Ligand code: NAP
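Only one chain is given next, in structure tokens, and it is the form predicted on its own.
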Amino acid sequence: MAELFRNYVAGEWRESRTGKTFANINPANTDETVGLFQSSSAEDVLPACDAAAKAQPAWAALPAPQRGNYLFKAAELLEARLDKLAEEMTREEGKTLPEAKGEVKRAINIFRYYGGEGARQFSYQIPSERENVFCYTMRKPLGVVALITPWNFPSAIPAWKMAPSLVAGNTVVIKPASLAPLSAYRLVEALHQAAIPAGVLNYVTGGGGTVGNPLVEHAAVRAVSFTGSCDVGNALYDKVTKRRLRVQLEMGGKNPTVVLKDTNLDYAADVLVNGAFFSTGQKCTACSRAIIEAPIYDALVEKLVAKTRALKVGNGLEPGVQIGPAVDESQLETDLKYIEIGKQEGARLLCGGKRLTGGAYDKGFFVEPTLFDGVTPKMRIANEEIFGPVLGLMKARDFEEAMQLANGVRFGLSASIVTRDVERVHQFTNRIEAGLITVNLPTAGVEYQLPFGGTKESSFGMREQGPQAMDFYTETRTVYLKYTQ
């Protein structure tokens, strides 16, 4: 019998008032149920938001360094369980065990980083033009914050939203993705065991309509941080801006890697394979377009095909596996649908493109890493986010055409360039329309201490991660103090 996991409301573990649960299924082995989670409704959301509203004044009054101590304690608890948490993540989401372990470590580091922010919430003292007037700013929390998180980074993304919100003095209601709720549960569990005051942190599972909508509609909620699809994010924006709530949206990407003719071909191929296929391409920062200068195109493509065919696909718990399954049947169908679209549009399938079957593959949602040649700017596979292991190869006459191709989409999350030419590096970083820019590195792979976010239709609102994350979760008060009468 699969373990039952409950909601966390007002410091207590509670079953949903609906009396219903949903199964968290291992995408590499659908015979395994990782756990049963609450199919919650508005009747579960309301007490969670009410508890957060009730707890917020006392939490905000607690000195920020003391708030940070709860994050430090939770980080210690998580680190002691690192191996278990990584294995659980692989079982619920599908990414390989080394990737899962790296993500759990990142969540731990995020908790420690923002624990330290409790003593680093800098404000400003500004000279006044008037005599005997002292001017300064203060940061104040917003109140109750709703967090809606995705399945592809089920520990890191909840951590990088939860930690700055809490240390800033807000109280939180988090709704994790139903495809991978256990990793976020473990973060909440650690904070509970660290004795965080009742109501400060609340966790409710369930569908977007039954939990997400009443959550963002609750009168106590003052801000919403969302990571997910563009369609859901755009609908959320329309809903919450009518109430003038602060909103932060991280959505899709169609990220390019530009490869110039002076590069080391083996190195460039490794960068592309890593960015496009690791985590099964299920990253908003994954590379889905390789834009290659013509003189090296054929030679680089040959190496890419060989390296892609050599990738080992399978259950992420098995040693040597590099690529896990799609997260569920729906994502697998999306991957296969876009592969068919690419062929119909006239792109040439170089390798991959099929669902893997036979033996253990029959119990999971496995697809071959896929390369397309001859991709043109107007093709759907060059413009629409697939969120799977599909890389389109585009030939550019020169650097100028490469820049046009790279910027010619509605998204602007991440982008990379592979070259030894320092002049081109600076031209690229100044002209690329992306919020995250890497040089001689994959498009994916960000660090917690640096700001994260995109441009164009990829993101809206303030940046996540790093010191700038505190800006979203606080508002600035300006004080003019005359100290003589």
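These figures come from a predicted structure and were not determined experimentally. Numbers for residues come from their place in the sequence shown, where the first is 1.
As for the form predicted in complex with the named molecule, it is not shown, yet the points below apply to it.
*Asks:* Would residue 315 show up as a contact with the named molecule in the predicted complex if we use heavy atoms at 4.5 Å?
*Replies:* No, no contact at 4.5 Å.
*Asks:* Verify the contact flag for residue 88: yes if a non-hydrogen atom of it lies within 4.5 Å of a non-hydrogen atom of the named molecule in the predicted complex, no if not.
*Replies:* Residue 88 lies outside the contact set for the named molecule.
*Asks:* Is there a non-hydrogen atom of residue 212 within 4.5 angstroms of a non-hydrogen atom of the named molecule in the predicted complex?
*Replies:* Taking the distances in the predicted complex, the answer for residue 212 is yes, it comes within 4.5 Å of the named molecule.
*Asks:* With the cut-off set at 4.5 Å between non-hydrogen atoms, does residue 175 touch the named molecule in the predicted complex?
*Replies:* Residue 175 belongs to the contact set for the named molecule.
*Asks:* State yes only if every one of 75, 155 and 163 has a non-hydrogen atom within 4.5 Å of the named molecule in the predicted complex; otherwise state no.
*Replies:* Not a single listed residue reaches the named molecule in the predicted complex, so no.
*Asks:* With the partner removed from view, which of 212-220, 315-323, 348-356, 399-407 is the stretch that lies within 4.5 Å of the named molecule in the predicted complex, judged by heavy atom distances?
*Replies:* The contacting stretch is 212-220.
*Asks:* Could you tell me which one of 128, 229, 264, 109 places a heavy atom within 4.5 Å of the named molecule in the predicted complex?
*Replies:* The residue from 128, 229, 264, 109 that makes the contact is 229.
*Asks:* Which pick from 258, 251, 145, 371 sits with a heavy atom within 4.5 Å of the named molecule in the predicted complex?
*Replies:* None of the other options qualify; the answer is 251.
*Asks:* Could you list the residues in 125-152 that come within 4.5 Å of the named molecule in the predicted complex, counting only heavy atoms and keeping sequence order?
*Replies:* Residues within 4.5 Å: 148, 149, 150, 151, 152.
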